[in-house]
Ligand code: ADP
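In the block that follows, a single chain appears as structure tokens, in the form predicted alone.
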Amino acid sequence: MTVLLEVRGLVRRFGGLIAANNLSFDVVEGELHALIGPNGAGKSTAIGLISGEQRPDAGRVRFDGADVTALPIAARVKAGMTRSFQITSVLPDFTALENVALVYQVRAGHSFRFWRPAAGERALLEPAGAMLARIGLGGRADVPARDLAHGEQRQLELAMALATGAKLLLLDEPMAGLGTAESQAMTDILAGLKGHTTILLVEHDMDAVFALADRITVLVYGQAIASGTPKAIRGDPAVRDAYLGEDA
């Protein structure tokens, strides 16, 4: 088992609020690792520190064997770490296929201004089409992003994140705003990625978390109070008391 992500002693303060309090955990290559906790536990802060959107006051982040604590977002993406679902990132006037092809174009080092001529290049469109098929949007390739349903836009964002070549995918509440059927569809898609892409998942849908996760880390007040398999987390008295409740 190879550790892909190491979080060690992260501290992040916002005035008198400690959003990350000596936070430490690991993510193993190939696993789906869920980060859960009550509102205000510091989950989004943790993802921000890992992705480079925030800087820690103390501690370090190691990714794929290298210390990336001081690296900007772009350098972390280049190294293979991609965050998705923080904001809507699709281009509404472009088709689903064009949105994903654009990621492949940027990944190849071409400037955005060359997009229109490149839209006809098979080297971009073929992998883009394959990626859409992989996440269940193969039949919606020619639909403008603005005309996709909300759940389909979330799927498109996932396809774009995967097109970056991510070794580690940071998913921030992918089920947010989805209906029951859409949530199940997203759960099925993520289940299909397990073992192929390492995923750190922040999610409030506990049914999805316990169905998907290989391991779960529980945050309370910015600190990891437990980390283990779903079965171990369900049975942990401290977790039940702090978060899951007696009916977990």
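Sequential numbering from 1, following the sequence displayed. As the structure is a prediction and not an experimental result, all values here were calculated from the model.
Note that the form predicted together with the named molecule isn't included here; everything after this is about it.
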* Is residue 180 close to the named molecule in the model of the complex, meaning a heavy atom pair under 4.5 Å apart or at it? -> no
* Asked: Might residue 38 be said to contact the named molecule in the model of the complex, defining contact as any heavy atom within 4.5 Å?
  -> yes
* Contact between residue 217 and the named molecule in the model of the complex at 4.5 Å, heavy atoms? -> no
* Can residue 43 be called a contact residue for the named molecule in the model of the complex at 4.5 Å between heavy atoms? -> yes
* Contacts with the named molecule in the model of the complex - residues in 127-155 whose heavy atoms fall within 4.5 Å -> none
